[in-house]
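This document starts with one chain, in the form predicted on its own, laid out as structure tokens.
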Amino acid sequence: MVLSPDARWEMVDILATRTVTPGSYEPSLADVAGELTVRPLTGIPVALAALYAFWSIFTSFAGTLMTDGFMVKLFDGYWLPYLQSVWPDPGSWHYFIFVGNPLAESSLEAFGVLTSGFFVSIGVVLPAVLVFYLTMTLMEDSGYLPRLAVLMDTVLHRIGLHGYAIVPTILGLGCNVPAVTATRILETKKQRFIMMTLLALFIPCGAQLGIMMAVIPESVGVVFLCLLIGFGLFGFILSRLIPGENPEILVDVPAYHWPVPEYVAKKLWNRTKAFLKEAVPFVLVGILLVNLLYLGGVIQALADLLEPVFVVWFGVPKETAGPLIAAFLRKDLAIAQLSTIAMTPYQLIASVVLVTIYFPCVATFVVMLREGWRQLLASVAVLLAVVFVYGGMIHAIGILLGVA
């Protein structure tokens, strides 16, 4: 017997009537909260409040309490004077490499492997990374992150992405390495390429954020504004230039629930352990390499060669060549090095933006290579073009405003 579609639906209605008993639905407080955080009218203020809370905790705990209140006193009051007193021959090459400037009064300015190397990685970056990973874990495990993805879907569609691109974006604020891997959750090659390129260009990692708070605390907002504008502008351009599809988001949003402390602690430990194993050696090797290049005259030769580009096009001192080389190893290290160069406030902000949007650090570079060498080469070509164009635009705006 062959049934028509209408007959099939009639049979379904009969079966449903006999087997399903309708009940009443009483939404819980978690259901109401979940609904309110995905609606733009109420969800956007909640997202802004969450962002403000995160930033307040980040600056007060990582910056003011841990770094300024404890680590600076430890490293500048005890560790640096101890090394300066026991290390022999302040005029030697080994003193320059491992202790740094013999006249430095702070570990950040000394720029030696054992002074700035340990202060940047342990004294500044570690507290910042701890706060960031704890906040992100709580957002993940409470169920807020999928709702944020739904909320951001409309905005991110305008730059060729969908709402789940918020996951690698937030991960990138901790470390770009897992963020590049997380781009695999996006559905098309176009989305993955745009996200990977924007991550390498405009998303500073937690280590950079921590060192920015230590070096230019009053100008972090301006740097973020430059990066946010660049993220939207070049994302919009890339979405128009790159062929491919941008499908709608389809995501299962779980109910809100309290994070399990054991799981939070385990995630926090694993992520922090990975940071310590990866970041600390890179910072120490980075300072060692840059100091060797300084001693060999390579940094000075590069600075002289690239002076027209740095001074005329970007409006920053030619000495920025050294930090840009260090940035390939660790961008937080490069920003710390910028603080030792004499610059105007505009030049310092422009230099920090350049270091951020310049080539990705070597760890991110390796992960991007795993995603495919063609994508990597295409991303590098876009990176070079964006650095040149956007760096010039920032300088032009600085001239128009009379600050450059």
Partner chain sequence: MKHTGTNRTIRPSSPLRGPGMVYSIYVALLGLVTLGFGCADILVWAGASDGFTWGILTITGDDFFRWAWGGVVMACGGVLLISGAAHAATSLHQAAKVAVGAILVWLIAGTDLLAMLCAAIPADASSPAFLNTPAGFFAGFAPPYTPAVLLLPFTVGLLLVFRGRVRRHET
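By rigid core we mean the largest C-alpha set that fits within 1.5 Å across both forms. Residue numbers count along the first chain shown, from 1. Note that the structure is a prediction, hence the values are computed from the model and not measured.
Another form, the form predicted together with its partner chain, is not on view; read the next lines as being about it.
S.K.: Tell me the stretch among 284 to 292, 102 to 110, 242 to 250, 122 to 130 that has any heavy atom within 4.5 angstroms of its partner chain in the model of the complex.
M.R.: After filtering at 4.5 Å, what remains is 242 to 250.
S.K.: I'd like to check something about residue 342: if you look in the model of the complex, is any of its heavy atoms closer than or equal to 4.5 Å to a heavy atom of its partner chain?
M.R.: No - in the model of the complex, heavy atoms of residue 342 and its partner chain never come within 4.5 Å of each other.
S.K.: Is there a non-hydrogen atom of residue 52 within 4.5 angstroms of a non-hydrogen atom of its partner chain in the model of the complex?
M.R.: Residue 52: contacts its partner chain in the model of the complex.
S.K.: Residue-level question: is residue 372 within 4.5 Å of its partner chain in the model of the complex, judged on heavy atoms?
M.R.: Although its partner chain is absent here, residue 372 would stay clear of it in the model of the complex, with no heavy atoms inside 4.5 Å.
S.K.: Verify the contact flag for residue 163: yes if a non-hydrogen atom of it lies within 4.5 Å of a non-hydrogen atom of its partner chain in the model of the complex, no if not.
M.R.: Heavy-atom contact with its partner chain at 4.5 Å: present for residue 163.
S.K.: Just one of 74, 155, 229, 276 has a heavy atom within 4.5 angstroms of its partner chain in the model of the complex, so which one?
M.R.: Answer to the contact question: 74.
S.K.: Does anything in 38 to 73 come within 4.5 Å of its partner chain in the model of the complex by heavy atoms, and if so which residues, in order?
M.R.: 38, 39, 42, 45, 46, 48, 49, 50, 51, 52, 53, 55, 56, 57, 60, 61, 64, 65, 69, 70, 73 sit within 4.5 Å of the partner.
S.K.: After the core is overlaid between this form and the one not shown, has the C-alpha of residue 9 moved by 2 angstroms or more?
M.R.: Yes; that C-alpha moves by at least 2 Å between this form and the one not shown.
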